[in-house]
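Before any questions on how it binds or moves, here is one chain, the form predicted on its own, in structure tokens.
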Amino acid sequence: MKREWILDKNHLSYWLRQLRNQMQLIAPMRDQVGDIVFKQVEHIHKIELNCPSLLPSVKEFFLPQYERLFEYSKKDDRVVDSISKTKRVIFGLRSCDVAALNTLDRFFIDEMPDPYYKSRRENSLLISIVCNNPDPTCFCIGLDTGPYLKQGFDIQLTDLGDRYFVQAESEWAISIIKNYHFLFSRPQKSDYDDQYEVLLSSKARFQKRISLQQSRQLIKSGRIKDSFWQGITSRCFECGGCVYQCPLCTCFTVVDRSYNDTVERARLWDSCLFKGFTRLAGGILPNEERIKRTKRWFFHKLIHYPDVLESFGCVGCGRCTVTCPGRIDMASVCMKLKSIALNGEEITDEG
């Protein structure tokens, strides 16, 4: 059951400090070169509150870029797994990333539970912030994954200027707030009015309105010819940036490494856009042609995800738009499909 409160901004630092005393706190921080990234917090005052909405995804805190699965000691003949049970709170993520994690849950937990992901997810409390000023590349509004969530969150904050409108949904989140009930007050009618105005204002600021459902139907109709995908493929650098930045891409590979008396099995991010990703025994490459890999990425996001996980493999965060040097990101390709369809052209565009 959803509960609602008001938190004065002057109380935020104290609340986060108390949470950090109980568990690991992760929030937007500046790194050594000045970029804002999610990091473990040592000093509360260094948390970046006024940062752009387009931060690196928090996916790496649940599916790390490099993750030791287990370690075998030849000397002791003993296997030690690396399942993390560390309690932590992640503060400052956006609605689209919470929505992405909810979809990843269906992939990593519902069907065949991945114990590494599952443990991290169950031990993480998410405090998300509604996007008052979405980036120009954002289009989450068309996917109902932002700028705010109606459900599926732990704690959701809406910035009302001098205070936050606080919504809590999960039992853990509600208990966390109740433990510090003296910091929170019940919302008044003026608070609800201000929250409503903020949400309306945020929606009006979106520069992109994209329907992935329309692109999905076009693809399923069979009207899109290979010449269109060939044009898209010709502009792909195979850098993997879109995959690594996407909060919903799940491709990985597993390697075994030996260090003296220890053998380690590790999981690393990989990309389905790389030629060797589906390499079979004997060196056979079923998707050696680049066009097949390009089509697979878009088909996976727009066809396979909705069929299997009941949601698109995209939350409209816009990260691939910023990352892709060839301008063949999800938004650009879907907008091109929409334009061609509206003009009644044959969908054989060369990119």
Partner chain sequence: MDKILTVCPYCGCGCGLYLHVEDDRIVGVSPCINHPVNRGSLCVKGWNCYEFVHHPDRLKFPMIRKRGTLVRATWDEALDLIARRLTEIKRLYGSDSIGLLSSAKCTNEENYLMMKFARAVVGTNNIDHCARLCHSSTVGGLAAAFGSGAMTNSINEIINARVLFVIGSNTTEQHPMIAMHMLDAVDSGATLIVADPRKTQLAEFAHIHLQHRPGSDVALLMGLMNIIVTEGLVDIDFVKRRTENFDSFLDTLRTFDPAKVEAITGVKIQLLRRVARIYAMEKRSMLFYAMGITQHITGVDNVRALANLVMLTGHIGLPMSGINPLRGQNNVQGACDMGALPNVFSGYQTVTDPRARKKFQNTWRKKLNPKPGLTLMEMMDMAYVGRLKALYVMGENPLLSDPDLGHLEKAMERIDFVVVQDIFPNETMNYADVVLPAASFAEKDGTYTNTERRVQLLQRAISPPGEAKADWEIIVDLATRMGYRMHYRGTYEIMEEIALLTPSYGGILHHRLKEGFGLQWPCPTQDHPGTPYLHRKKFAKGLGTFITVDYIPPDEPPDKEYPFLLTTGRIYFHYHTGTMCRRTVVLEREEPECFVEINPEDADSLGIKNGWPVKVTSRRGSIEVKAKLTGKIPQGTVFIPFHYAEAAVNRLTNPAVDPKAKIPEYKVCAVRIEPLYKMPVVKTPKPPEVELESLRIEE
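Note that the structure is a prediction, hence the values are computed from the model and not measured. Residue numbers count along the first chain shown, from 1.
Beyond what is shown, the protein has a form predicted together with the partner chain; the following relates to that form.
Student: Honest question, do Gln40, Ser234 and Arg327 all end up within 4.5 Å of the partner chain in the predicted bound form by heavy atom distance?
Tutor: Checked in the predicted bound form: all three residues contact the partner chain.
Student: Can you pick the stretch from 126-134, 141-149, 257-265, 187-195 whose heavy atoms fall within 4.5 Å of the partner chain in the predicted bound form?
Tutor: Contact criterion met by 257-265 only.
Student: Taking the shortest heavy atom distance, is Gly276 within 4.5 Å of the partner chain in the predicted bound form?
Tutor: Gly276: yes, in contact with the partner chain in the predicted bound form.
Student: Answer yes if any heavy atom of Gln65 is within 4.5 Å of a heavy atom of the partner chain in the predicted bound form; otherwise answer no.
Tutor: Residue-level check for Gln65: yes, a contact with the partner chain.
Student: When the contact criterion is heavy atoms within 4.5 Å, does Glu48 count as touching the partner chain in the predicted bound form?
Tutor: No, Glu48 stays farther than 4.5 Å from the partner chain in the predicted bound form.
Student: Hey, in the predicted bound form, is Cys239 touching the partner chain, heavy atoms inside 4.5 Å?
Tutor: Judged by the heavy-atom cut-off of 4.5 Å, Cys239 is in contact with the partner chain in the predicted bound form.
Student: Which residue, Gln167, Thr103, Ser215, Gln245, is the contact with the partner chain in the predicted bound form, using a 4.5 Å heavy atom cutoff?
Tutor: Only one option qualifies, and that one is Gln245.
Student: Taking the partner chain as it sits in the predicted bound form, which residues of 191-205 have a non-hydrogen atom within 4.5 Å of it? Please list them.
Tutor: Heavy-atom contacts to the partner chain in the predicted bound form: nothing from 191-205.
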